[in-house]
Structures are given as C-alpha cells and as structure tokens.
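This document starts with one chain, in the form predicted alone, laid out as structure tokens.
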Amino acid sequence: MCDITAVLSVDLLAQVLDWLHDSRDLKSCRLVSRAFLQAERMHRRAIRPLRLGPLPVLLRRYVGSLLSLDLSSCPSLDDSALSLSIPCPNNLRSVSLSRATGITWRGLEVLVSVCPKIEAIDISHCVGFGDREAAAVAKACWLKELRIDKCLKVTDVGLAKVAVGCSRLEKLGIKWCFEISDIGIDLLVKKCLELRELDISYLKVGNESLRSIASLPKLEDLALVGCEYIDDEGLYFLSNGNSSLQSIDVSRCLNVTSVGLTTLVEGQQRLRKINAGNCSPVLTSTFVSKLCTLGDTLIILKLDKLQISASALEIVGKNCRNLLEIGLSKCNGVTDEGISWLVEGCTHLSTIDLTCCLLVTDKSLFSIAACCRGVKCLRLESCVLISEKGLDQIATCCTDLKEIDLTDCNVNDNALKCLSRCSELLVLKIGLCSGVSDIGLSFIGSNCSKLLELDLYRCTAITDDGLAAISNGCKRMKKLNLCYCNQISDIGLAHLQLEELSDLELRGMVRITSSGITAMAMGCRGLTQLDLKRCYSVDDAGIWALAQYTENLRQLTISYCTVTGLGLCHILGSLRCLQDVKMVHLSWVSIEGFELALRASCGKLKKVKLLGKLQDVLSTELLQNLQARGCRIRWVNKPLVFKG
C-alpha cells in the first residue's frame, strides 16, 4: 500500500485540510502520522481553548501559523497567565479577551508589546476595563478592530486615547459604555477617519454625536440601538452627511419617527439594511413610498412592532424586489393579503419573521410557498391560525428550509410529518405545542438527520420513545430543550448518546433522577451548558457524574435540586471550565457548605446566582474575594430554608 505522505508534501496536505470543517475530522487527521500532524500545525489559524492549562503548549505548537486566539472561555485569566501564555515572537492578528475580568492595563501592555502585528482585540464585558486599560490598548498602532462593549469604566478620556493611538481603526464597538458622551464621539470621529463600522448602542449620546458621525467618509454600518436621546434631527444630520452608509439600526430609539426615517432614506441612497423595529409605532405611507428609491440596494428590512398595513406591504413588494430578509415580528395590521402582495414581488426572500402576527393563516403560507421557494428561515411563533395544511405546502415547495419556529402554534404530529420532508432542516422550535407526540418526533428523527437544534419546551405528550427517536436519528444535535416534558424519565435520558450536544435544558423534569443524569453525562461529554432547575430528584450522585464526565461544562443551573454541601463543593472544585452557576434554594446545603464550595471555585466563576439572605451569613472576605476576581453575584430575594 502506498504511503500518501510519500506522494504529497506537507504543504499539499495542509491544503487538503482546508476542505475539512468538522473538528472531529481534523482531530483524526492529527493522529494519522507525524506528517499529518505537521500539516495540521501549518494549517491551524485559530484556537479557542476552554481552559488555561494546555494553552502554553498549544501556542508553542501553532506559533508559526496561528493568527487568531480566543481566550473568552478561559476562567481565571489574569495578567500573569496572559503574559506567560503568549510566546514572542508570534503572528497573532486577533485576540479575544471577552469577559476576562482579571485582565488589567499591565496584561494589555504585555499583549500589545509581544503582538506587534495585532489588528483586532475584543475586551467586551470586562467590568474592570477603564481609561488606563484603554491607554494600554491605544499603543497597538496597527489596530483595525476593537470591541469594548459594556466596559462600564471607560469615559471620554479613554476613548480619546484610543482615537489618538489607533487612527487606523475600521471597526469599533462601544455599546453600553455609559460614561461616553458627545464629546468623546466627536474626538473619535476627528481622529479615526477610516471607520467603517461603529456601534454606539445604548449610549447616552444625542444628536450632536450624529452630526459628528455624519462626517465620516467611509462609514458603512452604524448601530444606534436604544439611544433614547437621538431623534429625527439626528437622522437629518446623517442624511446630509457622506453617502457611504449601507446599514443603519435605530431599533428601540423611541424618539425616532417615520419622519426621521424618511429623511434618512432620502439622503442615503446606498442603504442595504434598515432596522427600525420598536421605534415610533406608526409607519407612515411617506416613509414606505421613499423605500422605493432603495429598490435596487435594500436587502434587509426589519419593522418589528410597528403598525403596518397591507397597502404598505404591497408597495414594499412591488419596489424592493431584492429583499432577502423581512422582519415583521409583533406588527399590527399584518394580514394574508399583505403577505401575498409582499412575496409576489420579493421572490428572493430567504428569511421571513412573522412572530406574533396573529391574523396570519395558512393562506400566507400558501403564498410564501408559491413565490419564495428559496426561503431558508421562517419564524411563525404564536401564529395560532396556521395548520398542517399550510406547513405541508411549505415542505413541498421550500425544500431548502433550514429553520422554522412554530412555538405556541398548536401544531400536531401531521404537521411534523409534513416538515420531515425538509431534509436540510437545522433548527426546529415547537415549544408549547401540546399536540406533538412521539409519533411526530419519529418522523423528524427518521428524515432530518442534519438537525442541530430542537426546542420541545412544555411538549407534555412526549415520552421516552420520542426522545429515543430523536437521539437515534439526529446525531449532530447541539442544542436540545426538554423543559417541563414531564413524561420523560431516566430511560429517556439514557437514550441521549449525542457526542456533539453542547446545550441541554431539563428544567422541571420531575421524573428524572441522578441515574438518568449519570447515563446522560456518559453519552453527552461535550456539554457546556446544562439546566437542572426544579429537577427535585437529582442529588449528589448526579452531580458527581457531571463532575466526572462533563469536564467542559461552563454554565450550570441546579436550583431546587437535592444537592448537599459535599456534592456542591465537589462539582465547583472539579469542573475547571465552570464559569456560571445558579444555585438558588439548595435547602440541603448548609452555610458552611456554600462557603467551602465558593472557596473551591474562587478564581474560576464569573457569574453566581444565590439567595439574598446568604449575603448576610457568608463571610465578607469570601464575597470580596469573589468580586475582586471578577465574579458578578446576583442575589435573589427569597426565603432561606435549610433541611440538612
């Protein structure tokens, strides 16, 4: 037998690896031979470790090829760990430190100094990030992309330092940085003339900021979500500015009306994406008619929670024929007639959101099936007037459908039988559909093998057999919601042998015990998120199984479980990746048990949810230590009860 490594060079093997997208396939290739291992080293461009331990080895292995490093999932990341981990020299272009609350200006200075070619940094949700940290980042003179969303200590001073030091910035996210004002935005605009994407959502800035932003010569994407001090005057400034804008998001800007939107459309003729959801509730005919001028460019239009008539949808359908996505969630006035006119013109629609459009019936689905055969995503939550007849037509004509949301639509097994013909389906949400049973799930399990996400919230007719059908047929499942499916027992959980499952919700499943949790943990070792709230029969045995088999678990909810202090201490001390834990009403855990468990996890946790009464009895030193290490504690105001 010919050895392939004798025929193909390492460079060619690396090119072969470009065609492999599954992480398991890449892992298998590494194990073939040294030549394949070397090729994989040359091929790897990005890594996202789940814990700090193996990081230095990984970085040394891939130092020559690595361009992107994501440390957002590493608990207890601090300055010293960051300094010791990153080798010098390196070719890193992008680093994510999102939620790394232990990083200060010292660590950032080291990062910038050892990564001279760095072009993108993400430090969002770092509560300790302030002006001094911003000054350290500002030394990265080649920086093109920076995200500091929800860095609450950053002020105009810090933003000014970034603007002066990083004049090549093209993308900037400062969402929820509440201390930044119009003054900081004005200086940013004067210094960073290369900006193409800017997100200032939820900032307390006003129209003067938009007057400044309007002068940016290359700005293409602007997000203003929830900017309550911005109104139509600000949009007037944008309309008279440079005409480079392609995407605008003014959703939840409560003072923006159709008048301002009309002005904006008149001045910005290159707009491709408009999100005006949750603004002024009335959509005027003037604004809709002005959308006609964007007919050749507009591809995404979101008008969630607005009042919209059938005639308005007719105008959109006739004039915006290149639309790929339409958002009409919770819109009043959406009818079958309006949808029919819309899709007759917008035949290229791939995403249609009709969430809570209560007047929509099967007639709308017939129209969509006839006109938009390429639709890939259909959101129909709470559209209670649709039935299996409309869904049958969708399944027949829209064979490339990948996502459908039928939550609270009262669909039944016949509807699932129809949808099972959509073999490309990736996401299926049928929560609150009491008519769905094991029979319907057997159709999905038999024909939708590519399914990645399934939501069965409160589908109370489902039993262990239905779960077995899904587990056997949908081996690629990554996210599964079984909350309050009370007929499922330990036998059903034992069927869950899903290697790729990462997110599992079992809230309120009163028939499952630690035996089922143990069987599930053995078959689903890739879990990163698990919700066991109100699983009253899950005790220490189940918790120990999780600690043994699901070592990558990052988010855990065990409120109301019958866990003792011993089990709690063991799991919080054992799971090295655990960052977020909710443990309310653990009545069998004593004060000492909580104290020991929290000390065992100190340095790893980023979020903890506890009963408020514990704040008075846990040691002040422990709570201060947790918060100093970046852990955010959420206190719940409910009675404290001990049974142990």
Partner chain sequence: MKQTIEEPLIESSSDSKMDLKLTRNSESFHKPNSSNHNLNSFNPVPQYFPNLTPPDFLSRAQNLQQNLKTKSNNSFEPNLNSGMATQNPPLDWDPHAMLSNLSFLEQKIHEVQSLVQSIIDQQAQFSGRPSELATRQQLATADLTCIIIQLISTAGSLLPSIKNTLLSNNPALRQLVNPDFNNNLKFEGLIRNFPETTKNSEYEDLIRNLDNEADWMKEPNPPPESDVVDTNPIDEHDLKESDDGDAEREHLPPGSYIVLQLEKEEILAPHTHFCVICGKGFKRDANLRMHMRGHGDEYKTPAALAKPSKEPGSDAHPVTRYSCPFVGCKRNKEHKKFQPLKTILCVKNHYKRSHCDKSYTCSRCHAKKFSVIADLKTHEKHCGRDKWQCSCGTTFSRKDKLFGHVALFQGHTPALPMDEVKASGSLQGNDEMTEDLGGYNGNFASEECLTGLDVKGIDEARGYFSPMNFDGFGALDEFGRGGFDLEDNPFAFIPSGFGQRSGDS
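Residue numbers count along the first chain shown, from 1. In this text, all values refer to a predicted model and were calculated from it rather than measured experimentally.
Note that the form predicted in complex with its partner chain isn't included here; everything after this is about it.
Although the partner is absent here, residue 289 lies well away from its partner chain in the predicted bound form, with no heavy atom inside 4.5 Å. Contact between residue 125 and its partner chain in the predicted bound form is not found at the 4.5 Å heavy atom cutoff. A residue is said to contact a partner when one of its heavy atoms sits within 4.5 Å of a partner heavy atom; residue 244 fails this definition for its partner chain in the predicted bound form, lying far away. At the 4.5 Å threshold, heavy atoms of residue 113 reach its partner chain in the predicted bound form.
Highlighted residues 135, 184 and 191: every one comes within 4.5 Å of its partner chain in the predicted bound form, counting any heavy atom. You can rule out all but one of 339-347, 404-412, 102-110, 245-253: in the predicted bound form, only 102-110 has residues with a heavy atom within 4.5 Å of its partner chain. Taking 421, 171, 389, 139 one by one, only a single residue has any non-hydrogen atom within 4.5 Å of its partner chain in the predicted bound form, and it is 139. Residue 164 is the only one of 491, 164, 299, 259 with a heavy atom lying within 4.5 Å of its partner chain in the predicted bound form. Along 305-319, not one residue places a heavy atom within 4.5 Å of its partner chain in the predicted bound form.
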